[in-house]
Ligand code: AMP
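First, one chain by itself: the form predicted alone, in structure tokens.
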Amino acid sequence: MDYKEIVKTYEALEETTKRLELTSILVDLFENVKCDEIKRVVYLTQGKLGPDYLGLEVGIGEKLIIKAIGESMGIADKKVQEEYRKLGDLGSVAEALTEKRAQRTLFSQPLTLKRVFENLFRMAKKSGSGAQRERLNLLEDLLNDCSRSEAKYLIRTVTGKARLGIADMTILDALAIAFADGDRARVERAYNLCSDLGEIAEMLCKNGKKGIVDIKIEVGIPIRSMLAERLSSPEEILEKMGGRCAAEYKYDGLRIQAHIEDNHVKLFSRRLEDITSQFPDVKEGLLKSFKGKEGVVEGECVVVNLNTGEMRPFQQISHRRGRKYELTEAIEEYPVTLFLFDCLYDGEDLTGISYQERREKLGGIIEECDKIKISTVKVVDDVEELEKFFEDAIEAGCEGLIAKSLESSYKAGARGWQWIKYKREYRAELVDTVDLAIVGAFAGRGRRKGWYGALLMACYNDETDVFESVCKLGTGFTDEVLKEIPKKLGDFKRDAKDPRVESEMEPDYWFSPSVVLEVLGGEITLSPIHRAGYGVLKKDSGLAIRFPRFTGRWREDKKPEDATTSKELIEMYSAQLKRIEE
């Protein structure tokens, strides 16, 4: 197949935005492609060289593309850059400059689909010394034989900006019409299990619907994730779920699907990227925890403060993504825990059985360790119970809850009302510092072993003359400060809780309220555990400061009774919510 044939299709796709017309154009293309070429056609139409989990990228930047265009056209790089500034799209630049180029040489030959794909594939596989020059040569080889329109789409494919106005679902629709009598559901099911549209296309082209009947879960090949809808109240959720559901903590982290077989582990992101190399500690934890022969499990990977037990915000896990160097330091600075919530395969496909059964299977093959935990879940049938569990989740550092139908199967790649997200609509951001008294301490772990790892902090209730717990503080301390803290607290250490302290938390060490620290937090939330302003805003709830950080300032100028009051925290929380609502 000549490359110009697929380019004609791309031009036709660009001329319309109507879904039916886009699908029809693709159907015409697929029906006229040989089965041994359709895989390449589908990948290029997706703007890829293979399924996402293979991680194939051409690996050539704008500067090198500009150089390739210039060298193939006999034009200075400066001229190419001028055109780029004017047109804003390297594909259009290649098209415009190809039109001005002198007639192609006698040795020019038509581009074939196979040649284009193989050159791009070879570019993606190049590595090591000299790889960039080799990529440049391979791209120039193609540009030398390109027509105007071929140059345009070739460069857009290389830059990942094809601009065809289609997504995977449109391609899937077209494949279903072309080869499967319009049975989209069956084609989509196969795609959700193997995550490879090119492979699906080839099977359909060769054998029709029967070609995809036997597609099954395969360890090492990611399954497309099941997704959830969203509702904003426990009443709506229970009504939608028929009055009863499993409420599961919604962790604020990176969704990971783990494939385990013969002491080998592969980790995939929700976008089907292979991220195993970025989380060697999770891989090690799974090898320790997994008690089955082979399996596919799913969970949420969260950065956890080892000394406070506090789950850190999603942004912190980004420090673990894409690192090739200094990974050891990142693992130490941003330790993670994988909270598993589903089991999709244990030697048998489990996606068709109920959520309850899958949870039982998960518990049977996972033995928890520091790095691997099973997500917290509770079956509820009462609005107040669901709301209380929601507050527990927030207190634990989660985003909220995922409500799941007890009878729901795992619908790979689908979004539906079998899973429902329940997240906070509002949060009160803490934009000012507060002064809090130290009332307890927790023994250090990891690098902080032998020191205090975190401190229990309290605000002051000036009406009852007591100190009410408000957070567990473990961030913002230098090693020098950690060494200094025991000396500063030595005179105030107690064998039991001070009578003026109210706290449901039980630290390893208690102190009389005496030392005050300046603290900056991320936000103020309702809390079923901490006692600040308990019962004032909501029954059985106090206030907590999330993501607290020591600013480095010891408030030696303040007595503990000068600490921020419960009343002040309530006012800060209420004022912030009012601003959000307005």
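Numbers follow the displayed sequence, beginning with 1. Just so we're on the same page, rigid core means the largest C-alpha set that superposes within 1.5 Å between forms. Keep in mind that this is a model prediction, so the values were computed, not measured.
What comes next is about the form predicted in complex with this ligand, which does not appear here.
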Taking this ligand as it sits in the model of the complex, is residue 300 in contact with it (heavy atom to heavy atom, 4.5 Å or less)? yes
Can any non-hydrogen atom of residue 567 be found within 4.5 angstroms of this ligand in the model of the complex? no
4.5 angstroms heavy atom contact with this ligand in the model of the complex for residue 246: no
Residue 270 within 4.5 Å of this ligand in the model of the complex, heavy atoms: yes
For the interface check, one of 396 to 404, 68 to 76, 326 to 334, 364 to 372 should have non-hydrogen atoms within 4.5 Å of this ligand in the model of the complex; which one? 396 to 404
Partner-contacting position among 156, 250, 320, 135 - heavy atom within 4.5 Å of this ligand in the model of the complex: 250
In the model of the complex, which of the listed residues (389, 511, 442, 341) lies with a heavy atom within 4.5 Å of this ligand? 341
On the criterion of a non-hydrogen atom at 4.5 angstroms or closer, are 126, 452 and 549 all touching this ligand in the model of the complex? no
Quick one: which residues from 540 to 556 get a non-hydrogen atom within 4.5 Å of this ligand in the model of the complex? 555
Inspect the rigid-core superposition and answer whether the C-alpha of residue 562 shifts by 2 angstroms or more between this form and the one not shown. yes
